[in-house]
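Coming up are structure 1 and structure 2: the same protein chain in two forms, each one given alone as structure tokens.
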Structure 1
């Protein structure tokens, strides 16, 4: 039962990864693409790590640290990239 749930979470995580990549092909704004990519990447990575947590519970401390790091790092990186993107648009519009 635990193995099935673990593999299910890993598969859901991989689906989230691909689901976030699909909007990159569209004609939306850079910020929309960045937002969808970062949210789905974070959720997918967290689902994979939770699946690994169920698979190897002896390593719970490292895997919980990985989940917290993913949540903080991806959120901060998204804000930094959005800020850089918006300030780049301001520079382009001034020219």
Structure 2
């Protein structure tokens, strides 16, 4: 039961990855891609890590650290990329 649940979570995570990464190839704006990418990367990776947590619970401390690192760092990276790339457009409009 636990094994099917952990494999299910890992597969859901991989589906999130593909869903977030596929629009990257199109030529949409940076912010559009960033939104779908940061949502899918963070949630997909957290689903995969929770799936791993169910598989081997004895090393739970490291995997919980990975989940927290993902939740904090990935969202802040998405914010920093959005801030830096959008301030770039303001400069171009000024010229």
Partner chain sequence: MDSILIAMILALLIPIYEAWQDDDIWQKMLAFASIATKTSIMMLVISVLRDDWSIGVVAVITLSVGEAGLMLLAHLIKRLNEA
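Because the structure is predicted, anything quoted here is derived from the model rather than measured. Residue numbers count along the first chain shown, from 1. Under this definition, the rigid core comprises the largest set of C-alpha atoms superposing within 1.5 Å between the forms.
Only structure 2 matches the form predicted in complex with its partner chain. With the core superposed, residue 58 shows a C-alpha displacement below 2 Å between structure 1 and structure 2. After superposition on the rigid core, the Cα atom of residue 25 is displaced by 3.4 Å between structure 1 and structure 2.
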